[in-house]
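The chain below stands alone, shown as structure tokens; this is the form predicted alone.
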């Protein structure tokens, strides 16, 4: 009797690569005393817990509503939340699909926009977890540089005129991860014009948009919201907490029913309880003030981190001035052994995200080696100062 052996894993399951660089826990050495300047979590003290308390009490003292949210909501989400998101974002609620966090929104956008063999253009530097989302499909990745005004449409147009035909272009337009820059209105309109001319979809990943230092909401992105060539990806993780696991996508109107069916094939729906709590919070009077408070506090932290770095590195370090979001994209004006610097920093009890981990392709990593993505969002002032001190000491040691 012969026995047939086979690999029980699907091709997709067997082909997903291990993490390398960003998010690879094997590269990070930390203990309880380590200052982690690499995280992207909101400050727990700035999350509006009191709004959750009030919304929860109101919900569960209303038996009719409480019973409703314990049922299935439908794949697109509860209509009330979709209407609230639509009003907040200035889009038709019929375009809104509620998701289980921004990560699922990215996955739905990828699965709904790309097929095996397609080409997708991404930012450089890029948010690395989007590249990992692309592991769901077998695509070719091209890149376009990001500068102080966001992704460069001139560089994209040059590639299009040379024959590149992407199916999609991905960008983080507001307080870009990792560089912190925001896409200008002129470039936003230009990107939409190129999408309509060349027939690609823009994947607009915008989770940091509400975290502004000025206390005012950034201008509306009307070029993106008014075109049927964009899929908008939003999340409540940065404003209401990562544990909510709630986000949304805004899709072209003619594709909304198809995206709902795709969502239905995955996990069916997001928690009805969380959906209703979030609806009550974002339509209530306390939500916008909570954003203003958080933005002002993050600004203080960013200023403190910048000052601490200047004390340590002097004029040898520079950065893109952040106007919101969670990150400081700092660059060292000096050619040192950056592998040795990272190792020495960890030995001294501080870790961070290396600039070369954000390269869209390994061939593009070298120009990013002198960059650091440093997070000021979650740590307190003493930890930010200590992290900068330890990083400066590591730099002086390896010089």
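Positions refer to the first chain, counted from 1. Small disclaimer: the values here were computed from a predicted structure and weren't measured.
What comes next is about the form predicted together with a small molecule, which is not displayed.
> Which of 86 to 94, 69 to 77, 258 to 266, 200 to 208 has heavy atoms within 4.5 Å of the small molecule in the predicted complex?
Stretch 200 to 208 is the one.
> Answer for residue 238 alone: is it within 4.5 Å of the small molecule in the predicted complex, judged on heavy atom distances?
Residue 238 belongs to the contact set for the small molecule.
> Does the 4.5 Å heavy atom contact test between residue 150 and the small molecule in the predicted complex come out positive?
Result no; residue 150 lies far from the small molecule in the predicted complex.
> Is residue 180 close enough to touch the small molecule in the predicted complex, meaning at least one heavy atom pair within 4.5 Å?
Result no; residue 180 lies far from the small molecule in the predicted complex.
> How about residue 224 - does it come within 4.5 Å of the small molecule in the predicted complex, if we only consider non-hydrogen atoms?
Taking the distances in the predicted complex, the answer for residue 224 is no, it never comes within 4.5 Å of the small molecule.
> 231, 106, 309, 156: which sits within 4.5 Å of the small molecule in the predicted complex by any heavy atom?
The option sitting close enough to the partner is 106.
> Find the only residue in 127, 287, 313, 213 having a heavy atom within 4.5 Å of the small molecule in the predicted complex.
Among 127, 287, 313, 213, a heavy atom within 4.5 Å of the small molecule in the predicted complex occurs only for 127.
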